[in-house]
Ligand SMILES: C[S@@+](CC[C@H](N)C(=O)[O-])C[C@H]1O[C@@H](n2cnc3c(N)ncnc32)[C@H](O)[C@@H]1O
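Just one chain follows, in the form predicted alone, and it is written as structure tokens.
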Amino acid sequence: MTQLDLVSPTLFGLEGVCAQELKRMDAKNVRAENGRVLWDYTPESLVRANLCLRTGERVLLRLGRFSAPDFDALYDGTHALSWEEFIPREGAFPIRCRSVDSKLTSQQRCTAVVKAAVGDRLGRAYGLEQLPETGAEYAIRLFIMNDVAELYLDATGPSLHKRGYRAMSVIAPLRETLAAGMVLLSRYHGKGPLRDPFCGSGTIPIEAAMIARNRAPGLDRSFSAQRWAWLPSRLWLEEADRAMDLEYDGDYDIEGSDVDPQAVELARANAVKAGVEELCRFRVADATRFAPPEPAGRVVTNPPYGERILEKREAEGLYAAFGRAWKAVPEGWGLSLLSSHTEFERTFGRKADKKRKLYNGPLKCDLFLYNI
């Protein structure tokens, strides 16, 4: 088998953070590109990334890349791949397609062409006119950009940001992968206090607690590749044991607060589901009166933007009030604040030392960094 690639799509702006994570996992030949990170495939790395990756959205095994300016080329390129090495006789292979800036604009027809090509190849390999597709799922993802097609097997299933601890949420929740990225960009690794004065359903403190403890975020969920016949099942147990052996013991000073008592109760419930209720605490408090007694620490937070929850004018008033409170905070504190508001710095009352472009789903934001 030729060397294959693993690929993890990311939210735009988190590619470098995800690449650093993978390097710490001993992944080889890590390359960050716009919206994704690639590295060399090994069975161990596929399993480890699914269990341990905090900022990637999923893990894909890239089986082929070829020019596809028309449907004939798409069929031929797909049919040439050795699908029988990966999909067994009874394997189900649903297909999802996305096409960007390419001549093949009909995603429905692209999906049908790939389905026919894979089916013809597997049918010939297994001596069947019709494949049963009654077994485990080997989901295929087709991505075409600038007339170049890439075909993947989806090793993850539901996206990696679905950790399993947030069954319910407040309005406009922050994706778990983005929350983890914000904590990592703040350079918080468990030392000193961390505060989130706009905690909502608790995603940032919970992700910070898992980072402080070095707890793998995927230990409490399942993955599509666990049912793949050719991937040794022992690897999942070995990698889970390895991840648990790397966890740290210790007490951490992590707190989330919110003016909404219902949000605080939900955050506590989510922390219990995540198994970090002893590592972080939550309380009802007004962020505009934020005044930490400790001399130094980190604030990582995601206040309302205006587009989603509050009217723009209300959001500006909130930023101004928080900015006034921040002026009294000791200089040893650093702030990492995510907002899509184009006038945040003006209303907050201070220009950021550094800004980092991030996306909260489709919403373009900036991570405003102070004293980091």
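Throughout, we count residues from 1 along the sequence that is shown. What you see is a predicted model, and the numbers here were worked out from it, not measured in a lab.
As for the form predicted in complex with the named molecule, it is not shown, yet the points below apply to it.
> Is every one of Arg166, Gly200 and Val259 within 4.5 Å of the named molecule in the model of the complex, counting heavy atoms?
Replying inline: Every listed residue reaches the named molecule in the model of the complex, so yes.
>> Is it the case that Pro173, even though its partner is missing from this view, gets within 4.5 Å of the named molecule in the model of the complex, heavy atoms only?
In response: Because a heavy atom of Pro173 falls inside 4.5 Å of the named molecule in the model of the complex, the answer is yes.
> Closest heavy atom of Gly334 to the named molecule in the model of the complex, within 4.5 Å or not?
Replying inline: No - in the model of the complex, heavy atoms of Gly334 and the named molecule never come within 4.5 Å of each other.
>> Just checking whether Thr288 would be counted as a contact of the named molecule in the model of the complex - the rule being heavy atoms within 4.5 angstroms.
In response: Contact check for Thr288: yes, within 4.5 Å of the named molecule in the model of the complex.
> Given that the partner is absent here, does Leu63 sit within 4.5 Å of the named molecule in the model of the complex, heavy atoms only?
Replying inline: Looking in the model of the complex, residue contacts with the named molecule do not include Leu63, since no heavy atom lies within 4.5 Å.
> Which one, 210-218, 117-125, 94-102, 190-198, holds residues whose non-hydrogen atoms are within 4.5 Å of the named molecule in the model of the complex?
Replying inline: That would be stretch 190-198.
> So which of Thr156, Asn302, Thr177, Ser186 reaches within 4.5 angstroms of the named molecule in the model of the complex, heavy atom to heavy atom?
Replying inline: In short, Asn302.
>> For a quick check, can you give me the residues of 311-341 that have a heavy atom within 4.5 Å of the named molecule in the model of the complex?
In response: Residue within 4.5 Å: Leu318, and no other.
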